[in-house]
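Encoded as structure tokens, the following chain is the form predicted alone, with no partner shown.
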Amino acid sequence: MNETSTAARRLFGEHFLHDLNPQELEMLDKVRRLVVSHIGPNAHKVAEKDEFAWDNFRLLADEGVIGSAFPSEYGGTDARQVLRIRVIEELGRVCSASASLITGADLSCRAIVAGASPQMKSALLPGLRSGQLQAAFALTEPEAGSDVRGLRTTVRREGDQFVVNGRKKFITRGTTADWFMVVGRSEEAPSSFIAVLVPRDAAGFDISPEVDKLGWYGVPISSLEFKDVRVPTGNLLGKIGDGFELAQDALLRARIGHAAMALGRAIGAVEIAATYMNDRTLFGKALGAHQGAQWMLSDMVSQVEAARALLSVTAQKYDRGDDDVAVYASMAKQQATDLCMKVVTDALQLTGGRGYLKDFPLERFFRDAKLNQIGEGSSEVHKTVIGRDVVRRSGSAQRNPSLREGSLVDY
């Protein structure tokens, strides 16, 4: 890292940077400088209204950060996850909207990168990479979110077209996207899922006004409705039946991104609380000199560093293509997002009344933290995924050597 980044020692360690090569360190250094010069100082302004954060989006696109999710043949850098989690963490440290611009680009474009025809890739990916175009990931429905198999939107083939019918809900970038990656059931074979690209000007396609929400200002959401929307068969992503797998890979990467964003916010909250503890005097000495406050900081820092380690392992597993990366992504997402909610709450408590003021960053940190526990699968869903995996694997795993032979119910 250059001198700009290391002039002041950071509160949280740089030990994870050993995984990065010189080019990746250069990208992270660029993001850090953008955070200091623009994104951090403007974070409060971005959070004042729930309007798309165009300035930050264009800045991150122009600087090639958005392009980190795209293949090199289309002008991107196809960044490894070990770099992306550091970039998202850095942005999440000051601005949830900016971090979600990175995770959102990945979520909305991953299926296009993986499944679009060569013609569609050539037509769309350069513009999506540069920020001239935007895409949205249209998966969640009024009665189906984490359970993808509960989708009711249908897709049927008629000659050289696909016809889409259904509704989608909580769709980020609904009002700004040019293209929508839509997943639905095959009418002909309901157990099969189809993913298609729908342009925003397609006949029969309706995008609702933006929906007010608690936090995450800068990335508004909308609902979508499809009434006999027709698209060419060339807009198919992958093959018929690949929709579920394409969605799952996008969600896997998004879950890793949510974990990184949550940990970035937790890091920012601890930094703010620790600074306040040096500035605030209580009963004749600095707040940070009181043992109770020190113990709260101890728990926060230790748990955040442990969660960062788990996330780093998960990113390495994704980059290697390990078979068990999905369950590790669930572990990292669930642990990091639940921890972030706790850390931000404790940091706000340490800063007292100031933490509750809209002018103080922790107020928006507190509102933003909740969505990470819900988006891309709630914490409860991921706990179920993790628990089922442990039970399944325990049947064939090595038996603990301290046990005697036979069933444990015989003890």
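This one's a predicted model, so the numbers in the text were calculated from it and none came from an experiment. Just count from 1 along the sequence shown to find any residue number.
Below, we turn to the form predicted together with a small molecule, even though it does not appear here.
Original post:
Which of Glu48, Asp62, Glu26, Glu380 has a heavy atom within 4.5 Å of the small molecule in the model of the complex?
Top reply: It is Glu380 that has a heavy atom within 4.5 Å of the partner.
**OP:** Scan Lys227, Arg149, Lys213, Lys285 and let me know which has any heavy atom within 4.5 Å of the small molecule in the model of the complex.
**Re:** None of the other options qualify; the answer is Lys213.
Original post:
Applying a 4.5 Å heavy atom distance criterion, does Thr140 contact the small molecule in the model of the complex?
Top reply: Judged by the heavy-atom cut-off of 4.5 Å, Thr140 is in contact with the small molecule in the model of the complex.
Original post:
So in the model of the complex, does Ile221 come within 4.5 Å of the small molecule, heavy atom to heavy atom?
Top reply: Yes - in the model of the complex, heavy atoms of Ile221 and the small molecule come within 4.5 Å of each other.
**OP:** Answer with yes or no whether Leu371 is in contact with the small molecule in the model of the complex, where contact means some heavy atom within 4.5 Å.
**Re:** Output for Leu371 is yes: heavy atoms within 4.5 Å of the small molecule.
**OP:** Although the small molecule is absent from this view, report whether Gly75 comes within 4.5 Å of it in the model of the complex, heavy atoms only.
**Re:** Contact check for Gly75: no, nothing within 4.5 Å of the small molecule in the model of the complex.
Subject >> Segment that reaches the small molecule in the model of the complex - one of 309-317, 120-128, 140-148, 156-164, heavy atoms within 4.5 Å >> reply: Comparing against the small molecule in the model of the complex, the contact stretch is 140-148.
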